[in-house]
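Only one chain is given next, in structure tokens, and it is the form predicted alone.
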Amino acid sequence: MPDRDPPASTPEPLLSARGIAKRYGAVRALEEASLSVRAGEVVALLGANGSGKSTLGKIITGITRPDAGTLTFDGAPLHLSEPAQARRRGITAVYQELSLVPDLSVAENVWLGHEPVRRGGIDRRTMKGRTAELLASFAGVFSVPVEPDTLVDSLPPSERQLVEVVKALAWRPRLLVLDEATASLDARQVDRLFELVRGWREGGMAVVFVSHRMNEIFRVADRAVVLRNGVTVGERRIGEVDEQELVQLMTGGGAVAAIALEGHDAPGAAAAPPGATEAPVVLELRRFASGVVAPLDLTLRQGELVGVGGLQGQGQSRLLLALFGAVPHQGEVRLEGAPVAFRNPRQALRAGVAYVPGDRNREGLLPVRPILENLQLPNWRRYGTPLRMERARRDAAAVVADLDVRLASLDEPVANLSGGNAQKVVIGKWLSRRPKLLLLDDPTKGVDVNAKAELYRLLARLQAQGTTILFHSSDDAELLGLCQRVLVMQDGRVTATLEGDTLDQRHLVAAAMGAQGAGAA
């Protein structure tokens, strides 16, 4: 029998990342993360919320510097201190968060920072011509006309996302990172993008593909690399794996909520108020919709703590804003049995609805103003005209003592507080109003472990007092440890409601990724 031909040697990776570590204070974003991608290969980078995908992508593209580990590109060490260095080496990215300048034209955005030059000035004719050639890649899938001279500010989100792709291609990359780049695209645009990805792969480009849609990964990727808790835990060839095995890798096979709660007591499903299923109904939604949020029905009872999960940017924040009257909505809303139609947050406040935003510095606080003013922002009217300041200070001091806010004086700027204490101020300003319904949008983001534990105890106390809480968190384990039910959102739709036996990390990740068998719809 003739000898078999020796197997073809595996080509060396175009990009190799080994032992990458990154910490932000006490938070470990990455620890022993590894990734390799070869020329002419599409690698899907997978992981649950907080697994480190975005951090690793930012390190590859020069946005973030690693604390440890090695990067090589085309066989040579890669040391990046800014994205411009990465782009000059042939590495660029398309992110879900747009980086376009609204007041500039499409062509000016595409070539910003590397404009073609002729006779010492910008060659606008060449710039527009090359932009038109790149835009032609998406001919037939634009919902509105897009020309080189079109102002970006006039374009809808999907067209802006395609301009981001064109902007990345203008650098003629050898490695392209697509980080949730399909999130705002319609089906035709996604199909066209994937046609282009296949062409780029055949032309030798390497692509790192991050997506929250499991079906997209199986459509376009050659291989999947999985991160869990900042560590690369496995890789699989797409033709040799199914959805459930990838979910198993992402979750480790079970619910690990207690780990993320750092051993602190949390309300948890077991702490549901006695007879919660028979408790009075506080909120009823029928065919409730707003923007990207598809029509949904929902019933919340007194004292319930219900979570809203899924990967980030799936409509969770929009849902809470619509319930608070901050953005328009359609459908029927009943609060304690009475129909309501909040046209602004002031009406919601009067009805007993409170909202804690995800970005406390931009939306929840006046950072340069005193703590006293921030605590009393929604309450000044109750202190009359002229203001009864002594009573306002007394009430604010009571909230500070109740929440154990660490401060020097009520008169110091709230910007002087730590992240955890500032978040307590955001929540504390609502407590004196005794809300019937409390809407929380990722309230523990950016706070330390002790502050988280104090918030968990506060939520347990509010539940015991009968407050109904709708709680969005980007921390999956937090949802599992705190909530009796979790609504999982994908692309603006509630794709699963997890409770009882399905309230675990495997079902939560599967539902967020759109995998089969994700739980009760």
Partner chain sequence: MSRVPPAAVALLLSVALFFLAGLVQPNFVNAAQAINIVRLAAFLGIIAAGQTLVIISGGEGIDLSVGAVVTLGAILTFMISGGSSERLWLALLVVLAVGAAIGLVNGLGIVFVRIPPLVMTLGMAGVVQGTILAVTRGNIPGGVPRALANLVTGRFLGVPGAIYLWALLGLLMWFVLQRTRYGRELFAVGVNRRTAALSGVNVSGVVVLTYTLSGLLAALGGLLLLGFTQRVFLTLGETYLFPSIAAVVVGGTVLAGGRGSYFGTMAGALVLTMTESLLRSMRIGEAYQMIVFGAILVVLLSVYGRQRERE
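Predicted, not measured: the structure shown is a model, and the values here were computed from it. Residue numbers count along the first chain shown, from 1.
FYI, the form predicted in complex with its partner chain isn't displayed, but the following is about it.
Asks: Does each of 142, 198 and 216 have at least one heavy atom within 4.5 Å of its partner chain in the predicted complex?
Replies: No residue of the spot touches its partner chain in the predicted complex.
Asks: Which of 288, 324, 209, 73 has a heavy atom within 4.5 Å of its partner chain in the predicted complex?
Replies: Contact with its partner chain in the predicted complex is made by 324 alone.
Asks: Identify which of 230, 364, 435, 428 has a heavy atom within 4.5 Å of its partner chain in the predicted complex; exactly one of them does.
Replies: Contact residue from the list: 364.
Asks: Pick the stretch from 370-378, 130-138, 304-312, 231-239 whose residues have a heavy atom within 4.5 Å of its partner chain in the predicted complex.
Replies: It is 370-378 that comes within 4.5 Å of the partner.
Asks: Is the gap between residue 355 and its partner chain in the predicted complex 4.5 Å or less for some heavy atom pair?
Replies: Yes, residue 355 lies within 4.5 Å of its partner chain in the predicted complex.
Asks: Just to confirm, residue 338 within 4.5 Å of its partner chain in the predicted complex by heavy atoms?
Replies: No, residue 338 is distant from the partner.
Asks: Using heavy atoms and a 4.5 Å limit, would one call residue 345 a contact residue for its partner chain in the predicted complex?
Replies: Residue 345: yes, in contact with its partner chain in the predicted complex.
Asks: Could you confirm whether residue 387 comes within 4.5 Å of its partner chain in the predicted complex, counting heavy atoms only?
Replies: Residue 387: contacts its partner chain in the predicted complex.
Asks: Quick one: residue 327 and residue 143 C-alpha atoms, closer or farther in the predicted complex compared with this form (3 angstroms or more)?
Replies: Compared with this form, residue 327 and residue 143 lie closer in the predicted complex.
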